[in-house]
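Next up: just one chain, as C-alpha cells, the form predicted on its own.
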Amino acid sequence: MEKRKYPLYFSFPALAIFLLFFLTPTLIGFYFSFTDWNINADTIRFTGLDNYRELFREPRLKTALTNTLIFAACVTVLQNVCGLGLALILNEALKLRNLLRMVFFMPYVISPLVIGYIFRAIYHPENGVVNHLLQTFGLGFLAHDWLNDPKIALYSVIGTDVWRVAGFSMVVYLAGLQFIPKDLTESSAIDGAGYWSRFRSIIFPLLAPAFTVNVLLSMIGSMKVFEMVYVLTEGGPGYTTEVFFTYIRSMFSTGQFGYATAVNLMLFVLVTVVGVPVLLAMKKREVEM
C-alpha cells in the first residue's frame, strides 16, 4: 500500500457515513417532494411541481420566510456584536476573566429547550422577573406580555437566542485574538496609537477569519431555528413568530409529508443562496498574517 494514498483510504469511512446518512436521505427527500405523499393516501403519486406551486401561493409560508430572515439578520448581527465585545473585554488582563469566560459561554452548552422553558417563566406577564424588575426600577410602563404581544414576541425570542449563543461567538473571537502578534499592537501603542486606532487598523482586519466563521455559523444556525421558537411561542400569537421549521413541523404533523419535504428543500436552497455569497464576500477581506 502506497503511503501517499493513506489519507485517501482514511477518508473512506467518513465518505461512506456521509453518503449513507446525508446524501441518500436528501435524494430520497428530493424525490418525495414531487409526490402527493400524505397520511390519508393509499398510494403515492408523482405530481411534478404541484407542491412547489402550492407553497409559493401559501401566505403562511411568506410570513414564515419573512420572520426567518428577520430572525437570522437580527441574531447574526447582535450575536457577533455581543460576542466581539465580550471577547475584547475578556482578552484583557482581568482577575476573573477565566471565570467570566465560563459564565458567558455556559448558556451555549445548555439545551435550547431548557433555556426556552426558563425564559417562558422569566417573560411571564404577572410573575416574570423582567416585569418585576421594570416595576422595581420605576419603569413599569415598559412592562409587557413579552411572548403574547404580536408586536414584540419575535424580538423577545431573538433576545433570548442572542443571550444563548453570544458566548460561542466570544470563544471564536477570543481564539482569533490569540493569533494576533502582540508585537504589532504593542509597537503601535508605543507609537501613540489609541485603542480605537489599534482596533480599526490591526485587530479588526486580522480577525477576518474569525468573522467569517462566526457570521456563517450564526447565520445558518439562526435560519434553521426551531426549538427556541417552538418552546417560547409555538409560532404564535397567530403566526407572528412562525419560522420555516415551525411551519414544516406543522405540515408534517398534519400528514402532508410530500409538501413538507418540498418546504424543507426550499429552506436548503434559501440557506445556500444566502450563505454562499456571504462566504465569498467575507473570504475576500481575509488577510494573511
Partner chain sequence: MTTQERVRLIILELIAVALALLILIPFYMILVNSFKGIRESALFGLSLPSVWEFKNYKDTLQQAHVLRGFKNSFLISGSVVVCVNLFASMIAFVIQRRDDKLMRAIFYTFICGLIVPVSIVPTIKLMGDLHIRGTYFSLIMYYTAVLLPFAVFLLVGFMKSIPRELDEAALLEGCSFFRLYAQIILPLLMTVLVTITIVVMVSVWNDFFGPFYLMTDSTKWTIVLQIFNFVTMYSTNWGIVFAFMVLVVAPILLLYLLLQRFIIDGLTAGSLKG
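Positions refer to the first chain, counted from 1. Just so we're on the same page, rigid core means the largest C-alpha set that superposes within 1.5 Å between forms. Only a predicted model underlies this, so the values are computations on that prediction, with no experimental measurement involved.
Just so it is clear, the following notes concern the form predicted together with the partner chain, a form of the same protein that is not shown.
The chain is drawn here without the partner chain; in the model of the complex, the stretch among 70-78, 184-192, 118-126, 135-143 whose residues come within 4.5 Å of it by any heavy atom is 118-126. Taking the partner from elsewhere, T240 is found to have every heavy atom lying beyond 4.5 Å of the partner chain in the model of the complex. By the criterion of a heavy atom within 4.5 Å, K151 is excluded from the residues contacting the partner chain in the model of the complex. Taking non-hydrogen atoms only, A281 never approaches the partner chain to within 4.5 angstroms in the model of the complex. At the 4.5 Å threshold, heavy atoms of A260 reach the partner chain in the model of the complex.
Against the partner chain in the model of the complex, the set G83, A87 and L147 makes no contact: no member has a heavy atom within 4.5 Å. In the model of the complex, F10, S11, P13, A14, L15, I17, F18, L20, F21, F22, L23, T24, P25, T26, I28, G29, F32, W37 are the residues of 9-45 with at least one heavy atom within 4.5 Å of the partner chain, listed from first to last.
Taking the rigid core as fixed, one finds a CA shift for V269 smaller than 2 Å between the shown form and the other one.
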